[in-house]
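Only one chain is shown below, in structure tokens, and it's the form predicted alone.
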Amino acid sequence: MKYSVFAAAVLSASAAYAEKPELTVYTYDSFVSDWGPGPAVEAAFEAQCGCDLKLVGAGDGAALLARIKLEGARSDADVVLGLDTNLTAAAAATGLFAEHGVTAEYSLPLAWEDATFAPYDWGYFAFVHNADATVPGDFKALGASDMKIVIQDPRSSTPGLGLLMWVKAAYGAEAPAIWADLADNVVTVTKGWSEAYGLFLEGEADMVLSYTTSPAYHLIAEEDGSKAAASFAEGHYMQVEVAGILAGSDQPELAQEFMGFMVSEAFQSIIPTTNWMYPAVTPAAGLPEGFETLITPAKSLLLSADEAAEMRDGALAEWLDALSQ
């Protein structure tokens, strides 16, 4: 009898769990890592929605779009989180995304008017280095130096693509010459950000392509002030990370709820000390202590989504040509 009661309770609980709607969000690997925003985001949203939030790591940011293109309308994803403005034009052109309906008081350094993709954080690309090192102050000086750098592949990584756009936005037609000079400085090119940053921390390079906000992680999480971001005279390229709903989602209302949650206090307060970026909507408590120590670029660089899409193939060809010499 006791066994029967126990079994019935287990079956009842299992049935209740099975009835929970499931929302699948494709994102990048570092987002779903133990130290990333994923675990806290999952717990907070599930407490609100009474659903099962399934966060799926799909490589680095630029790899997300490739996977969605490959899967097409058959994709299991309901939401894609981790594209940026260098990819949104190409993503919208697939016809696979629906409008999000999100409204928020964004604290971005630009007006946001995209009806298909909504931002959740932003930052500036930068080369991170040991704070006691003397480092170049622009791309030309970097190319002329003997500093060894680790960068990410622009075909799979949004930081890698961001670097291409950074050089292109700063130098235009001079970009091939900049890459020709930088080629000797590149120790290796990794598929994603995590691998590149790990190599830098292991001492395999003097500098790594990352963000102006990366030193905040070491300062706040590790109480280590030994890392800094180099300030470049040309300015720093901005990244705005976004999410979008797939038109083929079988949970459209839940997907809309997640998008609204994404710009809420509960989600945005998680971002600064887990994704180590600036939140798209500043939390009521403001930014954590330590963020005030970060460099502020003298000039912000950002190509529009359409400009980035137009320049991407040419910039990639210039990069490949320089690194293959």
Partner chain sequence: MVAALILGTLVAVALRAEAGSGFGPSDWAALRFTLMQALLSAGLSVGLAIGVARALARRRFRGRSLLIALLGAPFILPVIVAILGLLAVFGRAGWISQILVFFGLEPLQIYGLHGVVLAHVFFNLPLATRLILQGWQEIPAERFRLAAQLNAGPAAIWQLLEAPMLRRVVPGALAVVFAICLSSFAVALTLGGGPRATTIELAIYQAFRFDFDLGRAALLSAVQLGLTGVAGFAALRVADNEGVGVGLDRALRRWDGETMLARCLDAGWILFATLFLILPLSAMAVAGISGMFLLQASVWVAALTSVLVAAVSTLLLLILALPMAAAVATGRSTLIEVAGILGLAASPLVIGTGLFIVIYPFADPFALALPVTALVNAVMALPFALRILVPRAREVMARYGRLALSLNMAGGPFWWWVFLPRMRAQIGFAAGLAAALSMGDLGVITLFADPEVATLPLQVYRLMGAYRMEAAAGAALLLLILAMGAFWILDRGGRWHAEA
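Numbering follows the first chain given and starts at 1. Worth saying up front: this structure is predicted, and the values here are computed from it rather than measured.
In what follows, reference is made to the form predicted together with its partner chain, a form of this protein that is not presented.
J.: Has each of 243, 282 and 294 got a heavy atom lying within 4.5 angstroms of its partner chain in the predicted complex?
T.: Not a single residue of the candidate spot has a heavy atom within 4.5 Å of its partner chain in the predicted complex.
J.: Can you tell me whether residue 157 touches its partner chain? I mean in the predicted complex, with a 4.5 angstroms heavy atom cut-off.
T.: Heavy-atom contact with its partner chain at 4.5 Å: present for residue 157.
J.: When the contact criterion is heavy atoms within 4.5 Å, does residue 262 count as touching its partner chain in the predicted complex?
T.: Looking in the predicted complex, residue contacts with its partner chain do not include residue 262, since no heavy atom lies within 4.5 Å.
J.: Find out whether any non-hydrogen atom of residue 79 is located within 4.5 angstroms of its partner chain in the predicted complex, and reply yes or no.
T.: Contact check for residue 79: no, nothing within 4.5 Å of its partner chain in the predicted complex.
J.: Do residue 47 and its partner chain share at least one heavy atom pair within 4.5 Å in the predicted complex?
T.: No, residue 47 stays farther than 4.5 Å from its partner chain in the predicted complex.
J.: In the predicted complex, which of 229 to 237, 136 to 144, 117 to 125, 182 to 190 comes within 4.5 Å of its partner chain (heavy atoms)?
T.: Contact criterion met by 182 to 190 only.
J.: Which residues within 68 to 92 place at least one heavy atom within 4.5 Å of its partner chain in the predicted complex?
T.: 69, 70, 71, 74, 75, 76 sit within 4.5 Å of the partner.
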